[in-house]
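Taking the form predicted on its own, here's one chain by itself in structure tokens.
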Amino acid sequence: MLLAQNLTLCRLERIIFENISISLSSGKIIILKGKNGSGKTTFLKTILNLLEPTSGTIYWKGKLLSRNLYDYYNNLTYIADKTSSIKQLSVYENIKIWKKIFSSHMNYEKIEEILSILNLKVFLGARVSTLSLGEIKKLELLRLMIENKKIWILDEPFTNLDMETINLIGQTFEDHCKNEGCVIFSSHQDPLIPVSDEVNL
């Protein structure tokens, strides 16, 4: 699906990362590991076509990514380290917006079931601005499932989460891969999640 070959990115004569290659296809989970500031977010932005590499090539379905962007973006969800939800609106209002934007077929009964599992159902009418950082992270996980795209790209998804929720996300990753999805995520932690490949930055 997604193939990145020998990616290097330099800024102001400083090498951020060098000669990094990944191959992401259905059923795979790839972790980018490294300390804060090691270039994990920059690498993710590069494979998202938000930054141009100094050298190297990225392909999507056998074509140059730059020539196949519409199909690429139509197949992925990106969860950044900052929330995509509208903080002035309630959890329920954000869910309504996501369902409409992404033409999601997930019914509200299923959404409420997931909210219960994430311990978020009690906050359905609350403004996102009143939630804790961990609760907002959980809400982002719900957006992943509402969008239902093949590729999940996540930047530090486990920050501010307890071990129970981290394990739940790991299981969600595995279930997604069983349904022909794939995941690439960055983490400075070492979560107990079975991964296909590990890239150190």
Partner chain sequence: MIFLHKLLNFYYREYKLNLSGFQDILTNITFFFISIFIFIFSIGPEKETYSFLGVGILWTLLLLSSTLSLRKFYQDDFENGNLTLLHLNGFSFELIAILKTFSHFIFVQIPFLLSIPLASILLNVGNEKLYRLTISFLLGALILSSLGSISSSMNLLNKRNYLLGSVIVMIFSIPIIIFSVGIININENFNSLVGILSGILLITFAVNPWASGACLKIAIQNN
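The shown structure was predicted, so the numbers you read here are calculated from the model rather than taken from an experiment. Positions refer to the first chain, counted from 1.
Note that the form predicted together with the partner chain isn't included here; everything after this is about it.
K.L.:
Contact with the partner chain in the predicted complex for Lys28, defined as at least one heavy atom pair within 4.5 Å: yes or no?
P.N.:
No, Lys28 stays farther than 4.5 Å from the partner chain in the predicted complex.
K.L.:
Since only the chain is shown here, I'm wondering whether Lys150 would be in contact with the partner chain in the predicted complex (any heavy atom pair within 4.5 Å).
P.N.:
It does not: once the partner chain is placed as it appears in the predicted complex, Lys150 has no heavy atom within 4.5 Å of it.
K.L.:
Is there a heavy atom of Leu89 no more than 4.5 Å from a heavy atom of the partner chain in the predicted complex?
P.N.:
Yes, contact at 4.5 Å.
K.L.:
Is there a non-hydrogen atom of Arg11 within 4.5 angstroms of a non-hydrogen atom of the partner chain in the predicted complex?
P.N.:
Yes, Arg11 sits close enough to the partner chain in the predicted complex that at least one of its heavy atoms falls within 4.5 Å.
K.L.:
Pick from Met145, Leu168, Leu51, Leu161: which has a non-hydrogen atom within 4.5 Å of the partner chain in the predicted complex?
P.N.:
Of Met145, Leu168, Leu51, Leu161, the residue with a heavy atom within 4.5 Å of the partner chain in the predicted complex is Leu51.
K.L.:
Along 171 to 201, which positions have a non-hydrogen atom within 4.5 Å of the partner chain in the predicted complex?
P.N.:
Contacting residues: none.
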